[in-house]
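Just the one chain here, the form predicted on its own, laid out as structure tokens.
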Amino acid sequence: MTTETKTGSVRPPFWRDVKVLRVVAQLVAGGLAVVLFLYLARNLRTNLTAANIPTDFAFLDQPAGVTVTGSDFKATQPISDIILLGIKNTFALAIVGIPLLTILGTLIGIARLSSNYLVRKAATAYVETLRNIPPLLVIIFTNTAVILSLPAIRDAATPFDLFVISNRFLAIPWATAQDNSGTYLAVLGIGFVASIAVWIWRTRRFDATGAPHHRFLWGTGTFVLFAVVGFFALGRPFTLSRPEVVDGRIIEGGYQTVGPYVAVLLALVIYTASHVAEIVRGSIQAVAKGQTEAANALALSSFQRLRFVVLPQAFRIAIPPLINQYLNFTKNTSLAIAIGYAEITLVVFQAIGNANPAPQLILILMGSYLLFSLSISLLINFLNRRLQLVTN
């Protein structure tokens, strides 16, 4: 039995309609997944109850019973606080590492295509060496050969009296908030919005007249103007704090971080950048050769050809596989447990080792990494959509 639509085409019965069958198949698959999840959850709950193991999350309010090196965390604070600290430390690796590995990977990927023999071979050796070594070994080597070989804190190096470098802590100068610091941050926010407005204005002027936009210089200049004028108008709301070693065992002032953080960050950046370099190299080679020939016909320099013609098109190709490398970097931060950096995996395993329920803590751990992965995917996919070519 068939039905005829308004356009005159013949529509099959619903039990043979592909669209209907797809919806039904998805509903059935979703229902089976829910049933399986409920079965597994019930089975887990039954086994935990039989073993006299708590099935709730009330244990999160109990004292953690451990301290964390390089932080003010106390053993009397609840387990929930140390989990939040682990999430914060993992985020600190991701927010700094992803931009660094992108820059390094891009430079190495471009170097892989260099006409200079030494540069090309050096980049090739970097990629072929690093990407074929397990990241755990890179982390252990970096911590052992780089961080632990630094001087002890009592003999810490202090270059220019601005930095403190030791095998336990590293510190750099940092801004310390004074009066009107909140107002100054608001001024910076206004300056940032103003710089975006100037950027848009210069872009539209370029589109309308063809005159050079120089939007980066205009936008940056606008923000710097707000920052400088606001800084002096509000009476220096921030002052520079320099780190100093006190009693040969602690550092006061500046911004401090522990050695394992630097080791994990450095190791994962140089490791993941080797994979990013190959993505960038392949994306550049995927750009049509005619684009490069057209740039040469316009007498563009090598830098201008990369900056204005090749790289903008290459990154449209590179972004989807780059997302996977960003996710791999974030998940590989769990390997920091090998050198004792207190990211989310280490603190969860410490909590489990203190006789807290493992299933709930593992669930929290998986949920944390899932949250990181979904957040990164959402942001980069939004950028990917913005960079896609619009076809009519």
Partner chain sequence: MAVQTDTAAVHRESPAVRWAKENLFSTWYNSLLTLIFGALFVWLGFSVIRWVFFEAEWEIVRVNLTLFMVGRFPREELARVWVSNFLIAGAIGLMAGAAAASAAAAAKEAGLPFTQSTPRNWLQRFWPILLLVVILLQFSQTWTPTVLTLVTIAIGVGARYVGLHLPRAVRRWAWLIVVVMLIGAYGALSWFGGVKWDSWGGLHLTLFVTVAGIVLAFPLGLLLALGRRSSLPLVRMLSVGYIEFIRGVPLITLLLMGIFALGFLLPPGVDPSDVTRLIVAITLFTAAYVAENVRGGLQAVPKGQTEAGQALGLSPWKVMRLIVLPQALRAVIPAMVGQFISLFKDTSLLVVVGIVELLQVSSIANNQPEFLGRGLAEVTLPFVALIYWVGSYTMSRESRRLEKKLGVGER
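Positions refer to the first chain, counted from 1. What you see is a predicted model; the values in this text were computed from it and never measured. We call the rigid core whatever largest set of C-alpha positions still superposes within 1.5 Å between the two forms.
Omitted here: the form predicted together with its partner chain. The next part is about that form.
- Stretch-level contact check against its partner chain in the model of the complex with heavy atoms at 4.5 Å: of 110 to 118, 224 to 232, 188 to 196, 211 to 219, the positive one is 110 to 118.
- Contact between residue 132 and its partner chain in the model of the complex is found at the 4.5 Å heavy atom cutoff.
- Contact between residue 334 and its partner chain in the model of the complex is found at the 4.5 Å heavy atom cutoff.
- In the model of the complex, none of the heavy atoms of residue 297 sits within 4.5 Å of a heavy atom of its partner chain.
- A residue is said to contact a partner when one of its heavy atoms sits within 4.5 Å of a partner heavy atom; residue 84 fails this definition for its partner chain in the model of the complex, lying far away.
- Only one of the listed residues (122, 175, 96, 172) places a non-hydrogen atom within 4.5 angstroms of its partner chain in the model of the complex, and that residue is 122.
- Remark: all three candidate residues (40, 44 and 271) come within 4.5 Å of its partner chain in the model of the complex, counting heavy atoms only.
- Annotation for 125 to 145: interface residues with its partner chain in the model of the complex are 128, 129, 131, 132, 133, 134, 136, 137, 140, 141, 144, 145 [heavy atom within 4.5 Å].
- Relative to the superposed core, residue 117 shifts its CA atom by less than 2 Å between this form and the one not shown.
- After superposing the rigid core, the C-alpha of residue 338 moves by less than 2 Å between this form and the one not shown.
- Relative to the superposed rigid core, the position of the CA of residue 80 differs between this form and the one not shown by less than 2 Å.
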